[in-house]
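First, one chain by itself: the form predicted on its own, in structure tokens.
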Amino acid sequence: MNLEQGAQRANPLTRIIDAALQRDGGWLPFDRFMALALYAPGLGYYANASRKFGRMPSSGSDFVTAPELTPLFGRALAVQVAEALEKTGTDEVWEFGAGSGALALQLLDALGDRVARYRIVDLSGTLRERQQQTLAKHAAKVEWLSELPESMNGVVVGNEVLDAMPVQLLARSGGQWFERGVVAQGDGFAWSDRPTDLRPPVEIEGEHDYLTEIHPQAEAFIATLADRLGRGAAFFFDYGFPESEYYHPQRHMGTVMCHRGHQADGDPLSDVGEKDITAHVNFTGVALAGQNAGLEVLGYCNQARFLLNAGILPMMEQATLAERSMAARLIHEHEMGELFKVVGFAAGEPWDAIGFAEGDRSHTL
């Protein structure tokens, strides 16, 4: 692609990616493409003004997360957060990627005076505006930051944060490993593979062609968090698997997926900036990154077990039929209950966290 061709491309985000391609000799590794597609200031998916979060496509949203489904998600999580605040002797909650602000509202409502300060770390200015509206009644407690501070204490929560961190793609073809990247092609983009010394963290059995991801950015984020969290705990919810399942020989198509208008598709190179791009989380890599950086793993289990341990069933019994129906989606195995997992960390002395009291699967990591 030459400069004249690049100038003809009307989409401003596409032109930014074109410029990055030109600086790098016409080829971008997928993690850099994904970072621009999601986070380019003002233009990337998470930086633009689209609605993103909501229950139905009629709202103009692209997907729904647990806090939008029901406030019982936040109320149950608050049980674990309250315990963690007490055990760590802290009074601050930190949320990464707070989305619509629904989870922050649920936690603040449930925790009351146990939280002196609620800090949100979010890169999106448009989402920050939406969060400020949602959290107006708690404005005196809430503070926004655009990056991780040098030091912090408190309880960290992150719901569907790790899956949005850029991943590198590795493809095995004809017995040789390649890194999959992106090139310009016509009015859009296309895949292009280059030989690489990078490998998945485990040997992939068999000789068949295989596509997968590695997660250096998510693991670096956890390591940085470990370095800066003096006293406290952290709980991350996301869809994903332990390493043995993530890199199973039969999972040969990778996990990168896009979401738009509550529909999923597997083409991150089209409609760039107009849809979410995600990948499942390798929870073994996340747990090891935290452990190697000095955190203690409190537990790892599926979302259903965590919420049941935290007492969501008695909460559902007091709810309306419609509310119970929505909350059931959080714990049913064929909905979010099994696909979504939770990993917990402690900075300092660990304890038997209530969320992992039964059904802890740390031994599978």
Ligand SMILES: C[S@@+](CC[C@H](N)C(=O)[O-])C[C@H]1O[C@@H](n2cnc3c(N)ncnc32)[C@H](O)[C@@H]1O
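Numbers for residues come from their place in the sequence shown, where the first is 1. The structure displayed is predicted, hence computed values, not measured ones.
What comes next is about the form predicted together with this ligand, which does not appear here.
Shown here without its partner, the chain carries Tyr46, Ser124 and Ala164, all of which come within 4.5 Å of this ligand in the predicted complex through at least one heavy atom.
Although the partner is absent here, Asn159 lies within 4.5 Å of this ligand in the predicted complex, judged by heavy atoms. A residue is said to contact a partner when one of its heavy atoms sits within 4.5 Å of a partner heavy atom; Glu338 fails this definition for this ligand in the predicted complex, lying far away. Taking the partner from the other structure, this ligand in the predicted complex has no heavy atom within 4.5 Å of any heavy atom of Glu323. This ligand is not shown here, and in the predicted complex it never comes within 4.5 Å of any heavy atom of Ser50.
Between 176-184, 124-132, 79-87, 224-232, the stretch whose residues reach within 4.5 angstroms of this ligand in the predicted complex through a non-hydrogen atom is 124-132.
Of the residues Gly273, Gly99, Gly154, Gly285, just one reaches this ligand in the predicted complex with a heavy atom at 4.5 Å or closer; this is Gly99. Residues of 65-98 lying near this ligand in the predicted complex, listed in sequence order, are Thr65, Pro67, Glu68, Glu95, Phe96, Gly97, Ala98, the criterion being any heavy atom within 4.5 Å.
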